[in-house]
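In structure tokens, the next block holds one chain alone, the form predicted alone.
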Amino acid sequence: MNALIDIAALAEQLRRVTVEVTDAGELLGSGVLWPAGCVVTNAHVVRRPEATLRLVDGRCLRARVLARDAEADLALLGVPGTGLPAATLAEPDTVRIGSFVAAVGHPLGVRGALSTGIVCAIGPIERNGRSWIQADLHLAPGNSGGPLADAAGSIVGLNSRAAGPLALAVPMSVVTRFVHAARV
């Protein structure tokens, strides 16, 4: 891997595939433009059958919830229209402890904010059998559902929540299984 990372270019790349998820003008969180005209976000972000998505260029689209899994904290939204960019997805389970990662979202209403850090751990948290990517980057309300990406801009997970000083993200293997099951 190249030791130099153009963080500004990485941020711009991630902003293009990160949407704001709103309802009646209220920011609910973020989402990732997925291949095949969908958006993936957290289940706790969308609790109604529809939401509004704001793209980086300012366009707003109405999206319909196609699938929701509260236990995995994932939701799949259908987006009308074509020509939307799609995130580059990392191969499942390629992120490692010590990997550089970046998160883009809309924390506390700040559009397209970037946070960077490293992966501290991968695996379950005490008394919780779910696997998480645990990174030392800052998440705030509005980051939920946004991308966690590697240095190349490939999505390695979906940010879900903060646990003390750590960010918790759903690993790509879990996200891709959910999307595949929802689209079958």
Partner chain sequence: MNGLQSLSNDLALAVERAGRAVFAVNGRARLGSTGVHWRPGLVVTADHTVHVDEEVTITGPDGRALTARVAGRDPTIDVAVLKVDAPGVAVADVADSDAVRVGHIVLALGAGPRASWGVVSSMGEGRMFHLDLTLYPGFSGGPLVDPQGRVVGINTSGASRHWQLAIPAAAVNRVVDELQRRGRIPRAYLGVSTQPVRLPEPVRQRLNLDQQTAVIVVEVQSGSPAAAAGLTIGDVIVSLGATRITDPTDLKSTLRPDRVGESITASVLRGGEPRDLQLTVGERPRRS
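Just so you know, these numbers come straight off a predicted model, no measurement behind them. Residue numbers count along the first chain shown, from 1.
In what follows, reference is made to the form predicted in complex with its partner chain, a form of this protein that is not presented.
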Distance check, Asp69 to its partner chain in the predicted complex, heavy atom within 4.5 Å: no
In the predicted complex, Ala140 touching its partner chain (heavy atom, 4.5 Å): no
Val56: touches its partner chain in the predicted complex, heavy atom cutoff 4.5 angstroms: no
Touches its partner chain in the predicted complex: Gly98 (any heavy atom, 4.5 Å): yes
Site test, Asp6, Ala121 and Ala152 vs its partner chain in the predicted complex, non-hydrogen atom cutoff 4.5 Å: yes
Position in contact with its partner chain when the complex is considered in the predicted complex, options Leu10, Val174, Val17, Leu168, heavy atoms within 4.5 Å: Leu10
Interface stretch in the predicted complex with its partner chain - options 112-120, 60-68, 39-47, 25-33, non-hydrogen atom within 4.5 Å: 112-120
